[in-house]
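The chain below stands alone and is given as C-alpha cells, in the form predicted on its own.
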Amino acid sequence: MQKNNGPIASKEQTAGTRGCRVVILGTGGTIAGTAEDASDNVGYRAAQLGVEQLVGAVPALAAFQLETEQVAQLDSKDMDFETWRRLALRVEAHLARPEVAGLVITHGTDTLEETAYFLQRLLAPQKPVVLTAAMRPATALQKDGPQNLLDAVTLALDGRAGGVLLAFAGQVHSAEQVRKVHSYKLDAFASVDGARLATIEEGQVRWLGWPPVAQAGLGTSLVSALTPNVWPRVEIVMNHVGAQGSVVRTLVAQGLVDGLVVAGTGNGSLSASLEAALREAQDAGVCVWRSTRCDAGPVTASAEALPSAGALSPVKARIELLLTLLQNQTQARAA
C-alpha cells in the first residue's frame, strides 16, 4: 500500500466526523490503458498502468492525503465473481478506518454499473465509495481519466456524499440509477429518469438533489467465503421479434441455470413462446424475473405475470437475483 501524505483537506471537504484520507483502489480498465499511438483512442490495451502511476500523473492530487492499493488489474469486460468478492472485502476494511473519509475505485466502463450496484447492495456504506473510469486511455492526446480521478477524490471528501457513487465527466450518479448509455462519447453514463445527483465544477461539488434512502446492506459475509464455482448461475435472455424459448429450455435441461432474468420489451412484455419456456423453467425450480430492455422505467407487477424486477435494468436485476439466491442458500444451510 502506498501513501501520499499531502496537506489536510479543508473543513468544508471533511464535514462531520469523517477523517480526511482517501483510499484509491485500482482494478484496471481503460483509465489504466495504453496505446502505442497517442492519437489512437480505440486500439489500446486496458489495465496496463498501476493505480499509483495514475495518481502520480495528476499533480493536483499531491494536495490530498491519499493511499493507493491495487486490488486487480483487468479489463472490466473480464470482471469476475472472485474479484468482486475481494474488492468488497477491501472496501469494507477501509471504510471501517476512522481516518478514512471515503474511497475511490478506478474501474473499466463496460461493467462499472454492475460493480457499483453489487457494492451498494452488499455494503450500503455511509461514507462515499466513488467509482471512476475513462473512455480514453492514459496515453491519449486528450485523456479524460486524470480529471475524472481528481473529481472522484473531491467527491469522496465531500461531507454530504454517501453510498456508492460514480464520478464521471463532471457528473455524479448513484449506483442504483447509473447506466452506460454510449459506446464512445466521453460522457458515456447517464442516470435513469434523469436522476443525476450532482455536478463537479472546478473542484466544487454542486448537489442537485439528495440520494434516495437505500436498502440496508446485505453484508460481505454473504460472499466472503465463496469460491467462484459455487456462486448461483443466473443468465439474461431477451425478448425480440421472433423470440423462441429454445435457449431457456436448453439451459434448464442441461442444469446450467439457477435463475433467469428476461429483458422484456416495453413494460416487460414477452412473446408467447418465450413466456411459455420461462414458465416451464419456473415450474422446474428456476427463479425467473422480468425486466425491460427499455432505458428507463419500471416493469409493472401483476399477479398474472412472471415476477417483476421493478425498475432495475437487466444487468442489475441479475445481480439482485444472484444475491437473493445466495441469501436463500445461506438460510437453507442454517435451517
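Each residue number is its position in the shown sequence, starting from 1. Worth saying up front: this structure is predicted, and the values here are computed from it rather than measured.
The discussion below concerns the form predicted together with ligand SIN, not included here.
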Requested in this report: From the candidate stretches 55 to 63, 287 to 295, 26 to 34, 266 to 274, select the single one in contact with ligand SIN in the predicted bound form, where contact means a heavy atom within 4.5 Å.
Outcome: 26 to 34
Query raised in the report: Between the options 76, 154, 191, 220, which residue brings a heavy atom to within 4.5 Å of ligand SIN in the predicted bound form?
Result: 76
Query raised in the report: From the list 167, 134, 161, 103, which entry has a heavy atom within 4.5 Å of ligand SIN in the predicted bound form?
Result: 134
Report task. Give a yes/no on whether residue 145 approaches ligand SIN to within 4.5 Å in the predicted bound form, heavy atoms considered. Result -> no
Query raised in the report: Taking heavy atoms only, is residue 114 within 4.5 angstroms of ligand SIN in the predicted bound form?
Result: no
Query raised in the report: Can you check whether residue 176 is within 4.5 Å of ligand SIN in the predicted bound form, heavy atom basis?
Result: no
Requested in this report: Using a 4.5 Å heavy atom cut-off, state whether residue 127 contacts ligand SIN in the predicted bound form.
Outcome: no
